[in-house]
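In the block that follows, a single chain appears as structure tokens, in the form predicted alone.
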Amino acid sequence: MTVMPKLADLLDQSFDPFEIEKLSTGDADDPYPRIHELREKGTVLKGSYRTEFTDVPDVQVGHLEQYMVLGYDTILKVLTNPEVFGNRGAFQHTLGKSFGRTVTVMDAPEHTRYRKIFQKAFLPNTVAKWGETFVDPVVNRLMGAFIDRGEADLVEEFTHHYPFQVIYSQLQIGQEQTKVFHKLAIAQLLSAIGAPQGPEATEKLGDFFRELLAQRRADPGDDLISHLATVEADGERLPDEVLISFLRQLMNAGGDTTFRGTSVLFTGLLTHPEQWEAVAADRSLIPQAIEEALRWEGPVSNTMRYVNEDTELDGVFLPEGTILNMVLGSANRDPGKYPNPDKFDIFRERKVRNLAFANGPHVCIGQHLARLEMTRALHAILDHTRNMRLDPDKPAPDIRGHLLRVPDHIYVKFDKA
């Protein structure tokens, strides 16, 4: 039997990346009033989205000229024009330092080649099979710890762990290593604020995945790494460097965003009890509830693009080398597309698709898995509880942050089904 590689902890084992991470994601209680104010000034404004909400210095792209792009139509225009507005020039300074040679940092034609292979690995019919294999056992295990109590903190006891536990299961990483794994996955993002633990975590995760990938190539199984190592398109497989970079990013792109999306879904429904009751009575409403949660509080409120050549956007000249802050939160709360956009309403009429997972050639590869996990989580809660409601004796959910928004707690009471 092959022995699982040992994941090395940070040199300073007392270092808490989860607390430091909040410096990057921010503590804004509600950024949307400011986002709306900015949009009223124009769709392309000089300045950095980050500096609107925090004084923490941006050591990665803070020295580059930046513009904010606001409003659904203008953001969609940028996302679907990758020749002019690329990824590499922006993300090589940020995600490239954290994850390495990941597809997020690539532009065509390199991106097109590798994206095609990843898309084949994450086909909807493939992802659907993971529901019973990987997702349901995790849901049931986590719920089993609190279901008999009649009360819980859905964040601390469920949503914060759920998507990460799915990833551990997919990678077949033993529970004894999950604490260090999660710590390193979060720590690698801290290159954004110059913390030395950022590159340290990136290196240690790379060493771990390199050894694990070699094992799985030699003896493939039914885990995700074996799947990614053997999937091919047009006769080409993923190079080790690209695959290892993807695995570094997986915890954040696949775990952290789904944790936030699921937490927001529960927050939106439970703070609107009539909508929770409607979904409980009619499960066919779940897809539109998920889409409303993604629109209302998308997992990532801002992403970036790089101006590859001198150009003009909505009448504003943008020189080559400019960083564009794509304020996705502005697109998803554009009153021209979504009347009364700050309201959570699963019954609203939808004329356009939300941009929670972006759009264009870099649309999120894992969006099908994210929606699957959110769907399974809500079904499980509804299957095993009745009369779930916010605990009136504890603080209500408080979604915070300007970049990655989530409530720290969702205190609930319920009756066991």
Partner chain sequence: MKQWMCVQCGYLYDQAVGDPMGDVPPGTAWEDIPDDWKCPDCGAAKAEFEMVEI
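Positions refer to the first chain, counted from 1. Keep in mind that this is a model prediction, so the values were computed, not measured.
Beyond the structure shown, there is the form predicted in complex with the partner chain, which is absent from this document and is the topic of what follows.
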Given a 4.5 Å cut-off on heavy atoms, tell me which of 119-127, 189-197, 291-299, 175-183 is the interface stretch with the partner chain in the model of the complex. 119-127
Does the partner chain come within 4.5 Å of a heavy atom in each of 146, 149 and 269 in the model of the complex? no
At 4.5 Å between heavy atoms, is residue 41 in contact with the partner chain in the model of the complex? no
I'd like to check something about residue 387: if you look in the model of the complex, is any of its heavy atoms closer than or equal to 4.5 Å to a heavy atom of the partner chain? no
Is residue 250 close enough to the partner chain in the model of the complex to count, meaning some heavy atom within 4.5 Å? no
Against the partner chain in the model of the complex, would residue 72 count as a contact residue? Criterion: heavy atoms within 4.5 Å. yes
Exactly one of 76, 212, 135, 105 comes within 4.5 Å of the partner chain in the model of the complex through a heavy atom, and that residue is 76
Quick one: from 363, 59, 45, 28, grab the residue that has a heavy atom within 4.5 Å of the partner chain in the model of the complex. 363
Residues from 167-201 in contact with the partner chain (non-hydrogen atom within 4.5 Å) in the model of the complex: none
